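Okay, here we've got a single chain as structure tokens, the form predicted alone, with questions on binding and movement later.
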Amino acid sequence: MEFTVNLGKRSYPILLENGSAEKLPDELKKLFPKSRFALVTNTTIAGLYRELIAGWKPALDAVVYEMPDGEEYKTIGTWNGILDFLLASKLERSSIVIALGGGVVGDVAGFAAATFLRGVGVVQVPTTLLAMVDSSVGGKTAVDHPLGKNLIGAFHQPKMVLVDNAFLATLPQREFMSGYAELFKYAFIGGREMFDFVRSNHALMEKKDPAVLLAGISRSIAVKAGVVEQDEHETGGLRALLNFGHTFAHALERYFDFKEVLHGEAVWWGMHCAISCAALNGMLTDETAELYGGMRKLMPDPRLPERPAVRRLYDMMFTDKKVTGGALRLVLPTEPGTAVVRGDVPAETVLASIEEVLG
């Protein structure tokens, strides 16, 4: 299966096939016959896929950099370490960085590619469900800052994305459910057909039925690709919809120092807050509110280390990139498969939604 993200000169293919990772060297040599390659991964993936990487390395004559594993390493220091390695390896402007890993690897390696020699190509090879359905597509690259998530970065579209769902076989269950929360997100922004697909096929996807899960991944990618094509740099308002639940979620991640709550777990809670906020703001019919309540019950709530202080969490939301003119811009659902961006929600409504869900 193959998609194309149509962005003019920056268009790129997304290859989606079980077992496709074995073909990566041939694909890259075909697309970039004169390029040198640098593979960036993390210590966990390097251990799990040592034989695969050992095969890629001579086939591509690639240099390999291993970064630590974990959101807490999505920092300027890690980014700088990758740049030091690329410089020491004497790579050139025609070089290609291969990001093999989850969202953290993809974001940091992508940001390094965006800034090394003022920009070299990057190929995303996601190994987690979260990265497959979301972060590997669309060109957002970044590192975190103590004041907030993804505050330092650049838009840098990949040259190719290769999605091999065989990587999910080694993904821990908690990480799988974290990624599934991002797939679940598309039910609320991807149209009524996507909403009904997730609702009808949730049990099979949660059980990792290969065919149904692959369909869920491909549908999610198609939704995101369609949005990115229309609003690449998040200036038209449409791409902001991809951040459904994320303004709450990013604050929650920062609240727990980017260590104790996974991104998808925070997004799951953030979606609940967004639904609550929409209901309290009078944006949902009784029928839709009941339908959303049923959706929420499909999955157990992830564990939090503790209940966050509502006011402190609310204050942390104001370091989000989507704040405009000092006002929160929240992505809130209106009807199944549809959401809107609102910048006029009263503070007391936002606070009440956090209290209702997390207080």
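For clarity, every value in this text was computed on a predicted model and none was experimentally measured. We call the rigid core the largest set of C-alpha positions that still match within 1.5 Å between the two forms. Start at 1 and count along the sequence shown; that's the residue number.
Just so you know, the form predicted together with a small molecule exists too; it's not on screen, but the next bit is about it.
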**Asked** Quick one: is Gly102 in contact with the small molecule in the model of the complex, heavy atoms, 4.5 Å cut-off?
**Response** yes
**Prompt:** Does any heavy atom of Asp107 come within 4.5 Å of a heavy atom of the small molecule in the model of the complex?
**Reply:** yes
**Asked** Heavy atoms within 4.5 Å of the small molecule in the model of the complex: does Ser35 have any?
**Response** no
**Request:** Indicate whether Gly237 is a 4.5 Å heavy atom neighbour of the small molecule in the model of the complex.
**Result:** no
**Asked** Between the options Pro172, Pro210, Gly77, Pro146, which residue brings a heavy atom to within 4.5 Å of the small molecule in the model of the complex?
**Response** Pro172
**Complete:** Students should find that, of Leu39, Leu313, Leu28, Ile45, the residue having a non-hydrogen atom no more than 4.5 angstroms from the small molecule in the model of the complex is Ile45
**Message:** With the distance limit set at 4.5 angstroms and only heavy atoms considered, check whether Asn201, Ser220 and Glu265 all reach the small molecule in the model of the complex.
**Reply:** no
**Fill in**
Only one of 90-98, 121-129, 192-200, 276-284 sits within 4.5 Å of the small molecule in the model of the complex by heavy atom distance, namely 121-129
**Prompt:** Superposing on the rigid core, does the Cα of Asp164 end up 2 Å or more away between the shown form and the other one?
**Reply:** no
**Item:** Rigid core fit then Phe111 CA moved by 2 Å or more between the shown form and the other one
**Value:** no
